[in-house]
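We begin with a single chain expressed as C-alpha cells, specifically the form predicted on its own.
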C-alpha cells in the first residue's frame, strides 16, 4: 500500500461497455442508428467463471479490462504491471444486482431458503460488481460500492480521489454500471420494452458500464504514463445551484462543456433551479443519449469529459478551461441532493486542482453530441 500522499489526481485510462460504442471516444456521440441491436459488449468476455455472474458484473468486467489496459496497468496477457495492493476499486450502481436480489427474495418467499442456490448467494451483495472486478484482476486495495442515488457516480470519482489523497492507494478503478432488465424496469416503474405499436413511447434505460482509472499525479510521473484530464473540485449539496457555485468558487476558469444531470424538463433548456454557475456553456446530455443512467451517469460524464479535454490538449489557448459534470437536481428538482465536479485539462496538473482563473466567460448555449 502506498504511503505517499498527493493532492492531485488524474485520469489515465478509460473503458466502455455499451452497445454501439467502439470505445470511450464515442461518448461524445451521436450514437449510430440501431445501436441497441449492436453486439453485446459482454460477448467480449471469454473464459470460465462467467456462469453465475449477473449482467451488471459482466458489463463492469468488460469496461474494467479496457480501462486498466488503456492506463497501462495490465500487460498483453492481462497481468497487472503494478502491485495489486496499490489499486482500489470504487463502483457506482443503484440497480446493479436488483435482478438477483428480486429473484432470491421471490424464491425464499415461495420455497424457503432451502431452494436458493449457494452459487448465487455472493451476487446478492451490493458490492458484487466491485468485488468480482477486483478478484478478476488481483486488485487488492480499498474496495467499495456506492448506491447513492443520482449523485452516486460523481461521488464515486470523488471517493477515488480521497482514497488517493489519504494514501490508501495510488490509483483507483472507478466503475459506473447499470443494467437494463425486467427487475430494474419494475423497480424504476419503467415500462417493459419493446412496444411494437409505438416503440418511441417506451423510454430507454442505460444498459452498460463505463470505467476510468483515477491515479495520483506522482504515480503517473513515476510510471511515465500519459494522463487525459485532472480531477478538480467537487461539492455535494441539497441544491444543484449550490453545488455548482461551490465548485465554481474554487475554479473560476471558463466552462467549455457542461454534462448536465438527468432532468424531466430536458437539458437543452435547463430548469431555472439548476442555477447559472455554468454560464451558458455547451451542453452534453448523456441521459438523453443513452437513457436514464442513474448511478452510472457521473462516471459516464467524467469519461466523456476526459475524452473532450484530451482532444483539446495542446491546442487551446485557455488552460483553465474546464468541464462541469453535475448530477442530481436537489431540492429544486426531483432528487434529494446534487453533486458537481470540475475536470480540467492535462496541462493543469502541475498547478493542481482548484487553481483559479481570473475571469469567467460564457458562450452561447448549444447542444453537443446526441440530443434525441
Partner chain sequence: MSWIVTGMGAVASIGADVEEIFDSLIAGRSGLGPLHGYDREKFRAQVAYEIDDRPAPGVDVPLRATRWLERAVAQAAADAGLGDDLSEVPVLVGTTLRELRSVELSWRGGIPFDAADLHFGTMLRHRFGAADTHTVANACSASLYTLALGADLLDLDAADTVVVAGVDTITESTYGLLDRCYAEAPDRVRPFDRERRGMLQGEGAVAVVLRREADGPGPGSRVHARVRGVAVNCDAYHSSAPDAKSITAAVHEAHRRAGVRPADIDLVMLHGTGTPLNDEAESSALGTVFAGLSPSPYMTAIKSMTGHTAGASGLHSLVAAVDVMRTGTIPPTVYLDDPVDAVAGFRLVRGGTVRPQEPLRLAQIDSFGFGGLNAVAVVERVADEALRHPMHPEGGGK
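Please read these numbers as outputs of a predicted model, since none were measured by experiment. Positions refer to the first chain, counted from 1. For the two forms, the rigid core is made up of the largest set of C-alpha atoms that agree within 1.5 Å on superposition.
Same protein, other form: the form predicted in complex with its partner chain, not shown, and the subject of what follows.
In the model of the complex, its partner chain sits within 4.5 Å of a heavy atom belonging to residue 337. Its partner chain in the model of the complex is not approached by residue 256, whose heavy atoms all lie more than 4.5 angstroms from it. Interface residue remark: residue 261 is not counted as part of the site for its partner chain in the model of the complex, having no heavy atom within 4.5 Å. In the model of the complex, no heavy atom of residue 291 sits within 4.5 Å of its partner chain. Figure note: of the listed segments 178-186, 298-306, 245-253, 223-231, the one touching its partner chain in the model of the complex, with heavy atoms no more than 4.5 Å away, is 178-186. The candidate site formed by 57, 203 and 218 is entirely out of contact with its partner chain in the model of the complex, as no residue has a non-hydrogen atom within 4.5 angstroms of it. With the partner removed from view, the residue among 73, 213, 157, 139 that has a non-hydrogen atom within 4.5 Å of its partner chain in the model of the complex turns out to be 139. The partner is not shown here, but in the model of the complex the stretch 115-134 reaches within 4.5 angstroms of its partner chain through a heavy atom at 116, 117, 118, 120, 121, 122, 124, 125, 126, 127, 131, 132, 134. Once both forms are fitted on their core, the CA shift for residue 75 between the shown form and the other one remains under 2 Å. Annotation: Cα of residue 222 displaced by less than 2 Å between the shown form and the other one, core superposition. A movement of the C-alpha atom of residue 124 falling short of 2 angstroms is seen between the shown form and the other one when the two forms are aligned on their rigid core.
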